[in-house]
Ligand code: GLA
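Presented below, as structure tokens, is a lone chain in the form predicted on its own.
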Amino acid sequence: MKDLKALFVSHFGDSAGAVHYAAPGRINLIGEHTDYNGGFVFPGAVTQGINALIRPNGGTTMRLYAADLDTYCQQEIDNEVGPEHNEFRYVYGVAREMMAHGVDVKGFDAVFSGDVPLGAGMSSSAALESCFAFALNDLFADNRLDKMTLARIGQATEHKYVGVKCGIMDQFASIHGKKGHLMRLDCRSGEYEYFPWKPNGYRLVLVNSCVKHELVGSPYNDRRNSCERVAAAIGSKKHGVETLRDCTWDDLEQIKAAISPEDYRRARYVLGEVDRVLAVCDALNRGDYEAVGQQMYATHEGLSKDYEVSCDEIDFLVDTARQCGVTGARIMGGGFGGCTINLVDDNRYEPFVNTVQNEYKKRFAIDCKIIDVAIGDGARRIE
């Protein structure tokens, strides 16, 4: 914060009246590729995130300095085009969406910086959107918008101003995060519930494979289309089916002969993942972190074999975790690279980290990165 304050003074003359806001990145413990199927996700906010100093400037211009990129932007808020660079389009889009919701956003000055590891799938963009949505709501709204509306403003920013058709999970987690708790979000209804996360004797560790495979075509859309075809096939025989969330195992078996083996496997993964998220909820209520870990491994098996969104590097990291006695491990995110999320016994942490770094380098001739994470609070004003 000393650095941000000094940068604010250097760009805007002084820091009097500047307010400190923060919003986190996120992890997702379990519940992958379930959002567009109306299922559950199970994210938590992390302690890494975006910090910003923000102050109304009395005009109609937003003046922004991105400290990590050493870039500056000055933009009229009512300009229909907006800035060119994404780091500023996120802020501009949030301001415009807040205005569309009736918030009288005026000009402001801001300096921001983040420590969310890039390329790790921890949603640094959602942290940036959530930080400014929370701040502008706090600074300019006469009747403050509720948290879910702020999350949807961040999602709309991605859709309209950046061109990423994301779900709601990332912004939801960044806005609603609560220290010591994970959240089960029902992507169909928008209902959510907090679950205690107090893994005494365990820690969460991400291992970044530092690879991202570019696949021909659209593998994400292919899988989504598979799920929609199965839901449609079941819906033709059963009233009220809109997504796979509305389907039972019996429903799937009854139409197995009418769909392709690939579509069947995709749907089998999704139904299993819905069950696994609910099983993790029960395990957390019991404080049974070994059971949580078993469900994580089962999720990875489904993502690798049925949904086919893993890759050699990620499978190697999960296999190595299992060999090291790690409690649970799986791929985190959309797939084809990125990170694994690992639930690690404290006593196995050092051996695991050393082994996975050495063996991964031997096998693929590249370094993986270890990212320790802790569950923290969501978007907030810091006095």
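From a predicted model like this one, the values you see are computed outputs, not experimental measurements. Each residue number is its position in the shown sequence, starting from 1.
Keep in mind that the form predicted together with this ligand is missing from the display, and what follows is about it.
Chemist: Does the 4.5 Å heavy atom contact test between residue 279 and this ligand in the predicted complex come out positive?
Modeler: Flag for residue 279 set to no.
Chemist: Would you check, heavy atoms only and a 4.5 Å threshold, whether residue 31 touches this ligand in the predicted complex?
Modeler: Answer yes; at least one heavy atom of residue 31 falls within 4.5 Å of this ligand in the predicted complex.
Chemist: In the predicted complex, does residue 103 come within 4.5 Å of this ligand, counting heavy atoms only?
Modeler: Residue 103 lies outside the contact set for this ligand.
Chemist: Under a 4.5 Å heavy atom criterion, is residue 56 part of the interface with this ligand in the predicted complex?
Modeler: Taking the distances in the predicted complex, the answer for residue 56 is no, it never comes within 4.5 Å of this ligand.
Chemist: Where, among 226 to 234, 105 to 113, 162 to 170, 81 to 89, do residues come within 4.5 Å of this ligand in the predicted complex by heavy atom distance?
Modeler: Stretch 162 to 170 is the one.
Chemist: Though this ligand is not shown, can you say which of 195, 192, 220, 140 has a heavy atom within 4.5 Å of it in the predicted complex?
Modeler: When this ligand is considered in the predicted complex, the option within 4.5 Å is 220.
Chemist: Taking heavy atoms and a 4.5 Å limit, what residues of 316 to 351 are near this ligand in the predicted complex?
Modeler: The stretch touches the partner through 333, 334.
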